[in-house]
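Here you get one chain, nothing else, as structure tokens; it is the form predicted alone.
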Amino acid sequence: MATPTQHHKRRRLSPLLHDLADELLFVILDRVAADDPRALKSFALASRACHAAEARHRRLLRAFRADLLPAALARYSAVSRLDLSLCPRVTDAALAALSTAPSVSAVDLSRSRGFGAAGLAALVAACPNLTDLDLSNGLDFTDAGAAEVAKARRLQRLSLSRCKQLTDMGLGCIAVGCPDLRELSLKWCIGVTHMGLDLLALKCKKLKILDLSYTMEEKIAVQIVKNCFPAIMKLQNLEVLILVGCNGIDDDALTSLDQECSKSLQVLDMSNSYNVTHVGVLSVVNAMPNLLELNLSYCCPVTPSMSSSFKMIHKLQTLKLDGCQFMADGLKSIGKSCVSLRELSLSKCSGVTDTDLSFAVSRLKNLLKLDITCCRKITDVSLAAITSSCPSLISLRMESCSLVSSVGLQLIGKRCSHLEELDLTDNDLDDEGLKALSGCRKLSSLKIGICLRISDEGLSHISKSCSDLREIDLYRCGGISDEGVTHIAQGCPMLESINLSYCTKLTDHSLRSLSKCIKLNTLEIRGCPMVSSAGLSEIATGCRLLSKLDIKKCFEINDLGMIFLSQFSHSLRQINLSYCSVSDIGLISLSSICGLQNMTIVHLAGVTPNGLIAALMVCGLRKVKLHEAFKSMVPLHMVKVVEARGCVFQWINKPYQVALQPCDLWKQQSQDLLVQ
């Protein structure tokens, strides 16, 4: 019961709120929410004036249940963005309820099902100011729905990714009805042909971003390229064009590009287009001199002539060549031709040697981001050249560079003090290397999984200097214990994500320490057999923003842990609890979390078919992974009911395997497999 003093404070607070202009009050609330998103709820409960102020301030409404939309919109009348992506089923009637929210300008229906053309008609009619609409993964989206979307004349951003029933007729309606479109995604719209795209290029002259990835089979793509590719490339305002996996684009199509090609294009992504060779690339650089970013990952071999052609793109800042084979001197030519580069990605490239890489980075003095993941031929020579030539690096990814020594890795911390992102997964990193890395005080992401030589001492150096760390990956770092995790938890209070999978020495003490990191949203402790429900309960009560949790093979976690999660972890979206000691009681408790989206429950010995059915009927899951043994136990009609609500079942047939391999043995087996 409130004391008289508390009532007095509330009465004093209300007049103060009335005296503040909304603009100033909203600035204050924005800052409060930035520090702790839960604080707004507490603010709204302080008084009626606070409740009303929070309602006026809210611009984004993220709903879990579509049937509660009318009540929510009645309270939050100033909402401009509506996110329904967490609602597995949204009916036409639910969309009609938007008539009470004319201020809504952005709606996200990605991954939602249950609505049709009638619902989209109601949505467009209710939101006259609609400018942003996401209908991605609309398996039931048809041309009839597209015709209704076309009535949103002010639409500027539209995503139709994976709307596989869309054809030229529906796209034509949108092209004619929405001439103000700036951004459009047609990724995986396999029903679209050259006729629809040709009309799009003719009618939507204001397009700035266009994604046509995987839009067609190769035979159809040839017709698209011949008939409408030139028209698309001539859109005068087009800045970003994404053509991932468009295998109908070949050298002939690119050779047809002429000087009339739009000079506004800044980003071109043709990754995974395996019919393009260095001849086609030469045509691209000739026709698009103002490119800032070019992605040719998993395309053709990189020859010296191809690399030399990049010098015609004077402003090129980002070059991605992941998975490409480098011919002799191909990488050297990049160093000579692309002196303005800020980002270079060479992940999983073959043919990258010390000589070529050292020469290239010696010329790329302005490089800020470098990815040399799985470039297995480079040694300390390359790393010495990188750290001496590019001291301003803010991102370095070099997973599985197995020939680089621990001494070489120390150069990173000694010379690249501006690093914000560092990936040294599966390298010869030791505690001395971590001590050197403590000089990188701006680190926000550190991935050092499968580094078997690091210990608690090394983590203590990181915790003392890298207080801004948001993400750390310690996957299979078998040498660390509770002491090291405690160092990180105490020294990095802004921590949001930590991976401790298969760190088998950890106990509940680690979870108790991490529970003080109130911003933690991702926790992976798979294969930590000594953690229990007691530790998980600390996480649940302390880390209220937890959204992703992996507790597979945490055998001591039982129903008690699930009950704590159901009571306190209302932000939980994804969980893997395979092999845990959870029964029907724990599973049903967990299903009460209304926002839970994905669940993996393979090999849960304590769960019965009846308990599983009860849990599935309560929660609004989008995806659930189950062992195939349950398939014959769950009535087919019950599966159909859950699927009709938007849930996808994935049946897994894996043998029961409890034993945990030591980290060093697991790594050796992985390396042997790689050699084979």
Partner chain sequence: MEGGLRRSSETSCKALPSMSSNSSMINDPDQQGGRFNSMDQSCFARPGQSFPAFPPLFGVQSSSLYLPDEKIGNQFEPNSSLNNPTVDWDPQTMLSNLSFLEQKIKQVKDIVQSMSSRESQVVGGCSEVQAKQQLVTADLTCIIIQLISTAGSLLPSMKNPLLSSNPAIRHLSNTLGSPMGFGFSCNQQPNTNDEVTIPEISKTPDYEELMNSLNTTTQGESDELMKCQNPCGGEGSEPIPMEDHDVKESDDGGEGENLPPGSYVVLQLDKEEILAPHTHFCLICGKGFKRDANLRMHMRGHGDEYKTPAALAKPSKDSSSEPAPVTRYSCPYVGCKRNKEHKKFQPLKTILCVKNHYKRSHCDKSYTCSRCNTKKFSVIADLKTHEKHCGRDKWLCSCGTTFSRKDKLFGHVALFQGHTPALPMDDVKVTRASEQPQDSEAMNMVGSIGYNFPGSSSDDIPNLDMKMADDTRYFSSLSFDPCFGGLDDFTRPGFDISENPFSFMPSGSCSFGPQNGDS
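This one's a predicted model, so the numbers in the text were calculated from it and none came from an experiment. Numbering follows the first chain given and starts at 1.
Beyond what is shown, the protein has a form predicted together with its partner chain; the following relates to that form.
Student: Tell me which of 407-415, 230-238, 161-169, 491-499 has residues with heavy atoms within 4.5 angstroms of its partner chain in the predicted complex?
Tutor: Going through the listed ranges, the match is 161-169.
Student: Using heavy atoms and a 4.5 Å limit, would one call K640 a contact residue for its partner chain in the predicted complex?
Tutor: Because a heavy atom of K640 falls inside 4.5 Å of its partner chain in the predicted complex, the answer is yes.
Student: At the 4.5 Å heavy atom threshold, is V176 in contact with its partner chain in the predicted complex?
Tutor: Within the cut-off, so yes.
Student: So in the predicted complex, does any heavy atom of S77 sit within 4.5 Å of its partner chain?
Tutor: No - in the predicted complex, heavy atoms of S77 and its partner chain never come within 4.5 Å of each other.
Student: Hey, in the predicted complex, is Q567 touching its partner chain, heavy atoms inside 4.5 Å?
Tutor: Result yes; Q567 sits at the interface with its partner chain in the predicted complex.
Student: Looking at its partner chain in the predicted complex, is some heavy atom of each of T142, R544 and V618 within 4.5 Å of it?
Tutor: The answer is yes; T142, R544 and V618 each reach its partner chain.
Student: Among G116, G606, G351, P529, which has at least one heavy atom within 4.5 Å of its partner chain in the predicted complex?
Tutor: Partner contact (heavy atom, 4.5 Å) among the options: G116.
Student: Just give me the single entry in M195, M327, M312, V279 that has a non-hydrogen atom within 4.5 angstroms of its partner chain in the predicted complex.
Tutor: After the contact test, the surviving option is M195.
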